[in-house]
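Encoded as structure tokens, the following chain is the form predicted alone, with no partner shown.
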């Protein structure tokens, strides 16, 4: 520890000098909803779903596979454990869930970019998990260079609050070592908060240890949110649960998220799917509280339906929106932050289908009361592809969520009676005092879309939205500068990564 402290002190002056010369990137504050949530279900329907979820937990049970320690914890908590199936007496899961915080703060290395997750807040994070990327050259496997490009774009995007996690899967690095490089990118190329690795429990431990270096010790602070997917239906595998155990023990936040494709991993009905989602989330959250009471968790709901002809997942559908709304109500009744929504689409290109489906999904997420929106930009082809152009298209549209969430002000100034009197019948408002005072901030402005006259648009090359987005990507990357980081911390992180990588052979599965 003395050596670490000495190295950091020696790098402090360099860090301060770097901070003074680094271009500051503006990021909008976390969205605070001043609009009501859309409550789709009445109290009777919610009570029926909650009772049915308790029935599922008590009679059907959940499987905790290849995890004797988890089975022991459940047995000690009063559950009926038979083989790897855990049946929870009615009320046990909900009672355990009550110790999870209603909201929590995720720190960032730039303190101004820490986020509060829960309450009326909405935090926006980019796409997560695609093995492929798409750019001007077409669709291909993602590389680490692609990953770093997405982190830079996320850092430069004013409406994104969060750097995310596996923004794409860098397939040019061995499976067991790529998490080091991804974490280094999040820790050095941006100063927004980020996510940890969950693909193996040891990688979760690496994530915690790297955060200890980055933040000079965590001291029970939450520095990461990590995605713990449930193997729906009703199965908790040892890999994900091992990561959850690591993070919960260290007071790091986990999104407990069923992975639902309606008709395949859950019933085809909305009420049936909501019953399964609630049962799975309650079991996962309850288990996190067995590991560490008070560990921060998020009620997750990734939900899509299925095309019954092709078997492909579909997005932006009314059923998915209904489940998103209903799950939000259930999360609020459980007293937990809520994760859902995103710029979901099934399209192969950033085209009209992608735009329609993404807009439907984003708006549903806003109105459903989502607190942490993963996949808010860059998602394409059912999550198989992260697209650079769609990343900036979606990120631009996230500004609309910020504006919508503000609600409608009815102040003396916004009532504009003086303007109406000034203009009178038959006039126009372009030159009136009220317009001149407020015109710069009166309306949300896209930083991407084209509103020029036809003649100007034609003279500039008649560019469609994809072409505009491609130019925007180039401009953002040209303007990018890495945020300042103490060189001693950077060196210590690099030394840690080199040492840990040297301790294991490459693995490609």
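Residue numbers count along the first chain shown, from 1. What you see is a predicted model, and the numbers here were worked out from it, not measured in a lab.
Same protein, other form: the form predicted together with a further copy of the same chain, not shown, and the subject of what follows.
Picking from 319-327, 181-189, 197-205, 102-110 the stretch near a further copy of the same chain in the predicted complex, with a 4.5 Å limit on heavy atoms, gives 319-327. For the options 32, 471, 48, 58, the residue carrying a heavy atom within 4.5 angstroms of a further copy of the same chain in the predicted complex is 48. The single contact residue among 146, 245, 169, 357, judged by any heavy atom lying within 4.5 Å of a further copy of the same chain in the predicted complex, is 357. Contact annotation: residue 82 falls outside 4.5 Å of a further copy of the same chain in the predicted complex, judged by heavy atom distances. Looking at residue 152, you'd find every heavy atom of it more than 4.5 angstroms from a further copy of the same chain in the predicted complex. Although the partner is absent here, residue 407 sits close enough that one of its heavy atoms falls within 4.5 Å of a further copy of the same chain in the predicted complex. In the predicted complex, a further copy of the same chain lies within 4.5 Å of some heavy atom of residue 453.
Taking a 4.5 Å heavy atom cutoff to a further copy of the same chain in the predicted complex, the contacting residues in 398-423 are 400, 403, 404, 407, 408, 409, 410, 414, 415, 416, 417, 420, 421, 423.
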